[in-house]
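To begin, one chain is listed below as structure tokens, in the form predicted on its own.
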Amino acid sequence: MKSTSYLEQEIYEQPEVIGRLLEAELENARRLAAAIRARGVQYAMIAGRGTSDNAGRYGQYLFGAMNRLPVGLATPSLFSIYAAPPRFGDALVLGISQSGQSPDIVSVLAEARRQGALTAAITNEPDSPLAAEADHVICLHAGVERSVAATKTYTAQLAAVALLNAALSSDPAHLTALQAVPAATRQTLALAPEVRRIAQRYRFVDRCVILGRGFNYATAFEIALKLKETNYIASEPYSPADFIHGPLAVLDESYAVLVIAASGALLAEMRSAIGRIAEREAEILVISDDDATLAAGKLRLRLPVTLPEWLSPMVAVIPGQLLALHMVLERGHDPDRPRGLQKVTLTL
């Protein structure tokens, strides 16, 4: 496909990237899973920033639901600024970073290794400082990512987390289910013409709420981040359980509300939340594979494939990526030059 920006090219590379990762990294995932069992790991700590932190949120749900492992998200400044790292004990300490360069994320793994904890990295750069601190590395195989707004490395990070959890579960059905993801992402990219029409309608939107829960809580955070990075929109992610408890009061007809509602245990709850939000006269865009849920929204993007709920974040985020792309084009900005941002941010 001929593309006008790196952002667009990399959105469309995602099926191939995920397919490469699943094929190339299965044995590495199995080796890490074996080490987790052998070490008697009792919980996981995940360190990441930005998009990688959102992949960590997905990991929180997936490690818990599939392997009953509690997961915490690291606070890197305890390591890099306060010099007061927690005791890891019988933990898996997992760093997630596209570049593997951020000193604060590297410092988490370095301290974990010093304490004797099991360390692992998910990164696109196997020769990076982060990878050097890891006992095990799962590489993203995404190729060079030139777009400042990450897309292909985000879904690859999700795929890597899913692959590790499937290997750890020892259920062959989980690995079989993963093989359907590349084709599902390819089919979801066909939503682009519908997304373009919605982007024309949303050209002047400047306030937006993104709602997702469970496995797709991470999706809400990632779509909100993409809209902030590319379109400078005040977009805020929430679980509807939190949103209904207070922030609902800010809504009026000037707000756009995106709801990610993939089939699964939370579908009825998401539909109920849409009903509450509709009472506030906000314009609701529903991203779902369920017709009854889609009917509750004013605008609708139907996911063409129904995956198991634990895999749905890899397709549910794609309409949000496409929306960010086409909105920035409608606004006349350069998708590859978001103001004030650069590709690698070296946070301390």
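The first residue of the sequence shown is number 1, and the count goes up from there. All figures in this text were calculated on a predicted structure; none of them were measured in a lab.
The same protein also exists as the form predicted in complex with a further copy of the same chain; that form is not shown, yet it is the one meant from here on.
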Stretch from 104-112, 171-179, 158-166, 128-136 whose residues place a heavy atom within 4.5 Å of a further copy of the same chain in the predicted bound form: 104-112
All of Gly19, Ile284 and Asp289 with a heavy atom within 4.5 Å of a further copy of the same chain in the predicted bound form: no
Tell me, out of Ser77, Gln187, Ser272, Gln200, which residue has a non-hydrogen atom within 4.5 angstroms of a further copy of the same chain in the predicted bound form. Ser77
Test of understanding: in the predicted bound form, would Leu248 fall inside 4.5 Å of a further copy of the same chain by heavy atoms? yes
State yes or no: in the predicted bound form, is some non-hydrogen atom of Thr153 no more than 4.5 angstroms from a non-hydrogen atom of a further copy of the same chain? no
Is Gly143 near a further copy of the same chain? Define near as a heavy atom within 4.5 Å, in the predicted bound form. no
Partner contact for Glu194 in the predicted bound form: a further copy of the same chain, 4.5 angstroms, heavy atom: no
Though the partner is not shown here, which residues of 230-244 have a heavy atom within 4.5 Å of a further copy of the same chain in the predicted bound form? Tyr232, Ile233, Ala234, Ser235, Glu236, Pro237, Tyr238, Ser239, Ala241, Asp242, Ile244
